[in-house]
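This document opens with one chain alone, in C-alpha cells, the form predicted on its own.
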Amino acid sequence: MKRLRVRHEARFTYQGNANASYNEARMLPRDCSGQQVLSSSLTITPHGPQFPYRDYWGTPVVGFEVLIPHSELCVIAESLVEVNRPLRLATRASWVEMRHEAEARCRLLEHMDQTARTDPTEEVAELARDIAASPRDPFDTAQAICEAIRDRIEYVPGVTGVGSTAKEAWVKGKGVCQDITHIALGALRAVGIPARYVSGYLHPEEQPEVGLTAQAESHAWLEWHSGSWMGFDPTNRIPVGDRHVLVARGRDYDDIAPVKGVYAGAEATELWVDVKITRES
C-alpha cells in the first residue's frame, strides 16, 4: 500500500487575449477498487464558476468558464491518494462465457467497438487474430497481444502528437503510452475482447522513497475484461499496481483528455504541463 500526493499543473498561454473560455477538466483521481482519494482540489486562474459532475463513464469532471479577457489559463489539480492494489488472480472466463456476458451487458459492448483513435491496421488485426487462434483463454490472449504490440512499438516521445491515431503510430513504429494503449485497444477489440482506455499517473520509481518528490507525467494504460476487469500497463509490460493512480476511463483518449474546451478572441495557445508525485507513506 502506498500513499501518493500528486500535483498536476496545466498552463495555457494565448497569443493575445481570450475574451472567454469554456472548459472541462478530468484531472482529479476517483475512488475505485484498490484506490481511495483522501483529498483533492482544483485551482483555476483566472477564477470563474465551477460545475462538478461525473461523466457517462463515471469520471469526476469539473466544468468551468472564464468570462473575462485573459492571456493565460492555469489549472492545478492536487490530490492525496491511498493505493492498495495487491496482485490478485483475476476471474477467468472462457471465450464462450465472455461472449455471452458481453452480449448481456451494454457497457461491455461499448468497449468492443472501434473508434477513430483505436481502429487497427490490417497488420495489427491479423497479429491479434493469430495470437487468439492459439489455445489460450481470453486473459492470456489479452496479455500476449499487449506484449506483442509493445515488442513492435518503440517508446519515443515527440514522434506522434496528442491527436495521433493507432494506425499512424503503428506505421511510424514509435510513440508514447497513449499510442501504445490505442494500438493495444484496437488489437484486443479486433478479437472480441472488451477493453477500455485509462488515464492517470505512474510513479516513475519502482520502489519510491518516502518523502522524495519525483518528476512525472500523465500516463495511459488499459483494462480488458475476461471475466472481470484487469488493469495492464502495456508501455511498461506490468499489471496495474500501487504505483498507478487512476483518474479516468473511456473508449479512447478523446473521452478522458485532462483539459479540453473552446475559447474566443485568441488565435492559438501553447500548453505547458508539470506533474509531480510524492510518496508520503
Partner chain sequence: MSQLFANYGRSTDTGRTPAWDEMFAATGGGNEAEQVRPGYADLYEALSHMSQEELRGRADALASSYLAQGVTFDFAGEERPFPLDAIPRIVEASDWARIEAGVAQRVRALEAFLADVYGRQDAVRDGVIPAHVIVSAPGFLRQAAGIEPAGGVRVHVAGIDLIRDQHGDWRVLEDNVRVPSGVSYVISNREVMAQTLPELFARMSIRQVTDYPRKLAAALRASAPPGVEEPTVVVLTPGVFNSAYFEHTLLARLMGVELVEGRDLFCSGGFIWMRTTSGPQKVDVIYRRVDDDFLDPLQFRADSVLGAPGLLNVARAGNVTIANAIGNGVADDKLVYTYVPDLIRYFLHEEPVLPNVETWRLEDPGSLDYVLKNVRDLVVKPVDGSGGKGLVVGDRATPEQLEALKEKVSANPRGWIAQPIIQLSTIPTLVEGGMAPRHSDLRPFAVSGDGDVWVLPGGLTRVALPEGQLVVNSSQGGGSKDTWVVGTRAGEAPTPVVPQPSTRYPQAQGSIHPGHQLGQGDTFDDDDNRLRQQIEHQQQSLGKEA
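This is a predicted model, so every value here is computed, not measured. Residue numbers count along the first chain shown, from 1.
Same protein, other form: the form predicted in complex with the partner chain, not shown, and the subject of what follows.
S.K.: If we define contact as a non-hydrogen atom of the residue within 4.5 angstroms of the partner, is Gly63 a contact of the partner chain in the model of the complex?
M.R.: It does: once the partner chain is placed as it appears in the model of the complex, Gly63 has a heavy atom within 4.5 Å of it.
S.K.: Give a yes or no for Trp229: in the model of the complex, does one of its heavy atoms lie within 4.5 Å of a heavy atom belonging to the partner chain?
M.R.: So Trp229 does not count as contacting the partner chain.
S.K.: Quick check on Arg152: any heavy atom within 4.5 Å of the partner chain in the model of the complex?
M.R.: So Arg152 does not count as contacting the partner chain.
S.K.: Going by a heavy atom distance of 4.5 Å, is Glu110 a contact of the partner chain in the model of the complex?
M.R.: So Glu110 counts as contacting the partner chain.
S.K.: In the model of the complex, does every one of Glu103, Arg251 and Gly261 come within 4.5 Å of the partner chain, counting any heavy atom?
M.R.: Verified in the model of the complex; spot residues all in contact, yes.
S.K.: The partner chain isn't shown here, but in the model of the complex, which of 28 to 36, 43 to 51, 208 to 216, 233 to 241 has heavy atoms within 4.5 Å of it?
M.R.: Of the options given, it is 43 to 51.
S.K.: Within 13 to 29, which residues have a heavy atom closer than or equal to 4.5 Å from the partner chain in the model of the complex?
M.R.: Heavy-atom contacts within 4.5 Å come from Tyr22, Asn23, Glu24.
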